[in-house]
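One chain comes next, on its own, written as structure tokens: the form predicted alone.
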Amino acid sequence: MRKYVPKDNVQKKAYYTDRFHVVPSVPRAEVTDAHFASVVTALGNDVKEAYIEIGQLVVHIDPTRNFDVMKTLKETCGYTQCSEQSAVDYLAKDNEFELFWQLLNITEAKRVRVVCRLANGAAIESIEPLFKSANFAEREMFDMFGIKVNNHPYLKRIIMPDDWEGHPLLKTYPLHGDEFASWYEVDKIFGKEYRDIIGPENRDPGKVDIKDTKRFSRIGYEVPFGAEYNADEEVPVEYSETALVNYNKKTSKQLDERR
């Protein structure tokens, strides 16, 4: 078995160097929209910070108030759909997770993002009684980040096996898995006594090289297998014609009629 290298300090390394372009922050604006202003008023003291970002309202709240805030947004403000819920790992920097919920008001065509910071090891209240879509989202958050959700009807892993060790979306989790991951299938299928016979799973990073004409193809710029790389000569892309759709046509007959 290969030697384990601790990954605890992986986030302490610089995120960017002069080799990479640093994308500027998204600009924030004050809440001037009448609808969004009414939402902030309805939430009252639960709002720690509010601003407009890319046309939607962003509200920062206390993590202990997430259920009450969601209930107000749904029953008072008309946000009846929770389209997204997840977390961001800021453990190395602040020892916290950033949780967010993306809500949609279908009637007004407005979006609200609710954000809170949750300390490492703390739990959040389930909003599954309000939004059934939160059931799987909270289970995925538990599976991928290890964030516990109080009063969830069935909190267990949803993607990884029940006996999996670790949480793959933590920034300290190795990209190619750890020792447990490399031996998981061998131990599960054959047993640990077969480790010396079979060996660990091969997790080759498989570097993608655009000049490799044996393992990778470039749509519209194909060359024969193993031929010299050509970056300039474009090859027309042809698709097969089916009984229903001709994919070689740029516009469909139905679209022309509608116009």
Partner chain sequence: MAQHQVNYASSAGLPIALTSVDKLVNWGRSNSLWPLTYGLACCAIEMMASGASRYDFDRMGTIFRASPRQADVMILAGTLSKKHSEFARRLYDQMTEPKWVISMGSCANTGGMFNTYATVQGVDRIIPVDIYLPGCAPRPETLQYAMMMLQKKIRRESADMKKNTKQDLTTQTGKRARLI
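If you're wondering where the values come from, they're calculated on a predicted model, not measured in any experiment. Positions refer to the first chain, counted from 1.
A second form of this protein, the form predicted in complex with its partner chain, is not displayed here; the remarks below concern that form.
*Asks:* Going by heavy atom distances of 4.5 angstroms or less, which of 201, 33, 68, 62 would be at the interface with its partner chain in the predicted complex?
*Replies:* Looking at 201, 33, 68, 62 one by one, just 201 meets the 4.5 Å heavy-atom criterion.
*Asks:* Would you please decide whether residue 182 lies within 4.5 angstroms of its partner chain in the predicted complex, comparing each non-hydrogen atom pair?
*Replies:* Residue 182: yes, in contact with its partner chain in the predicted complex.
*Asks:* Is residue 176 close enough to its partner chain in the predicted complex to count, meaning some heavy atom within 4.5 Å?
*Replies:* The answer is yes: residue 176 has a heavy atom within 4.5 Å of its partner chain.
*Asks:* Just checking whether residue 186 would be counted as a contact of its partner chain in the predicted complex - the rule being heavy atoms within 4.5 angstroms.
*Replies:* Yes, residue 186 lies within 4.5 Å of its partner chain in the predicted complex.
*Asks:* Hey, in the predicted complex, is residue 161 touching its partner chain, heavy atoms inside 4.5 Å?
*Replies:* Residue 161 belongs to the contact set for its partner chain.
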